[in-house]
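What follows is one chain in C-alpha cells, specifically the form predicted alone.
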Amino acid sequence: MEEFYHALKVSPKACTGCTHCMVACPTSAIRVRQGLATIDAAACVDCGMCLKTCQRRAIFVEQDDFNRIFHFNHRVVLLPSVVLGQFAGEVSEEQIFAELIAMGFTRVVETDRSVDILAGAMREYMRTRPHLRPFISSFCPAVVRLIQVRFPSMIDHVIPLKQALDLSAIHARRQLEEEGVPGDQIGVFYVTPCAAKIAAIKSPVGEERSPVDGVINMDFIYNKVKMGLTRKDKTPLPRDAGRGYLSPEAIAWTLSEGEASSFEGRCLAIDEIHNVIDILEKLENDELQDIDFVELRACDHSCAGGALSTNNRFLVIERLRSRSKASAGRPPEEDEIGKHAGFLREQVLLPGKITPRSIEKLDEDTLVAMEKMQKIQRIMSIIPRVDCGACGAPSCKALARDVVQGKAKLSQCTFMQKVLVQEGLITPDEAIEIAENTWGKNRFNHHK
C-alpha cells in the first residue's frame, strides 16, 4: 500500500510527551514512545488537531523551502480567499497582491476563481447519479482521508472531482503555455491554511500527481506580507493584471455552508473533525435519511479556522462575507478562466478511484482477523478500561489493538505492571524499565 505523505511533524527537542496531542487525535494515530509523541502514518489524516492542542509547539507543519519558487522563470502563487481574510480592512487587496509580486512571484491567481466551474460540475455529477445520495463533498482532504481510513463503506458517496486549487493550477499553466512559456519554466505554488492540503498535494488521492509544484504555509506568507507593508505607506496600489472577478459564491466557498448553500435539496454543513465523525457514523448506520448533500470540513468554521490561520476565525469570516456581499453588487467580468471553462470541465473528474485504506482491518485474512479480534476482547477483559494513557496509547482499546498487532506489550499497562510485580513475574526495576520505554529515562532518573 502506498504511504500517505504527512505534513505534520514532531520536534524531538520541543516534545515532552505530555499526551495532549494523543488524547486530542480523532483517529488515535498518536502514541508516546521514549518520552516523545509519534504519529502513525497509516492512521493520521492531517486534520491538525494535534498542532492546535500542543502547548509546547512541538508539532509543526513542514512546508517547502520558499526559495524553491526561484527554480522557475514563471512563478504562480495560488491564493485562497481565506488568506485575504487574514488582513484587517485597512489593508487593500491591491497591497497584498503587490507584496506577493515583490516577494518574487510573477503572477497571483485567486484559487477560488474556478469555483463556479467546479460547482457546475458538481451539480451535473449529482444530477446524473441520484442513486449515490447522500453525496459527500471532497473539498476537505482531511475528511477524504478520514473516510478512507475509518469509513470506507462511505467512499462511493464522495464526489470524485478535482477541487478549485487543482483547476486553478491547471488553468494557470494552460494560460502561460498559450502565451508561449515552456511548461518546465512554470512553477505553481499554493498558499495553504492547513496541513491536509499539503498532504493532498504531495500524495493526491485519485490521481498520480498534483498540478501544484509546491506549498507555502499561510502563516509564513501572512508574516512576509505584513513585514512588507510596514516598510511602505498604505497608498492603494494599481490593480494586478492577474486578478479576475470572483462571484459571491466563490468568495464564500471555503467558509462553512459555502458549498451546502449552493445546492438544492436537503444539504448539511458540518465542521470540526469530531462533529464530522459523528455525522459519518450516523450516515454509515443509516440514522440519517433523505440527505442530498453533505459538506464536511475538518476545521472549526472550515478554512477560517485552519491550523495555519493567524487571525481570529470570526473576524476572517466577517471580512470574507463583507467581500462576498460587495461582489454581489458588481457585474461579472469576462476573464481568462471563463474562456477556458470547457477545457477545465473536461479536466474536473479525477482520473483514478478514491480507494479505502481501513485502519480498522486487523488482517487481510478474515479468519486471522477474527482471531485477532477475539484476542483484543480477551485483553480488554483483563485490563481496567480507564483510558488513563499511562501506557503511551490513547485508550485501553488502542493498547489492546497494538498488542495484538505486535506494536506494543501488555506489560506497558501500569495496572498490569503492578499485578506482574505482585506475582513476582517481574521485578520493580523491570517495571521501571518498561515505563522508561514509554516515557523516557529522564523521568525516572531520580528513582535510581
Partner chain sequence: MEFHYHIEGGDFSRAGSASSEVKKILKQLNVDPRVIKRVVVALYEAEVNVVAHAHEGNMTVTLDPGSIEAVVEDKGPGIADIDLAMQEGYSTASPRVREMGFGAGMGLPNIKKNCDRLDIKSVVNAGTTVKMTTFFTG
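Numbering follows the first chain given and starts at 1. Note that the structure is a prediction, hence the values are computed from the model and not measured.
The next section is about a form of this same protein that is not shown, the form predicted in complex with the partner chain.
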Check whether L349 has any heavy atom within 4.5 Å of a heavy atom of the partner chain in the model of the complex, and answer yes or no.
-> no
Contact flag, E177 vs the partner chain in the model of the complex, heavy atom cut 4.5 Å | no
Is the gap between M154 and the partner chain in the model of the complex 4.5 Å or less for some heavy atom pair?
-> yes
Contact label in the model of the complex: R127 to the partner chain, heavy atom within 4.5 Å = no
The partner chain isn't shown here, but in the model of the complex which of E208, D290, D184, E287 has a heavy atom within 4.5 Å of it?
-> E287
One residue of R313, H74, R319, R150 in contact with the partner chain, assessed in the model of the complex (non-hydrogen atom, 4.5 angstroms) = R150
Given that the partner is absent here, state which listed stretch (278-286, 159-167, 296-304, 246-254) has heavy atoms within 4.5 Å of the partner chain in the model of the complex.
-> 278-286
Taking the partner chain as it sits in the model of the complex, which residues of 369-407 have a non-hydrogen atom within 4.5 Å of it? Please list them.
-> A369, M370, M373, Q374, Q377, R401
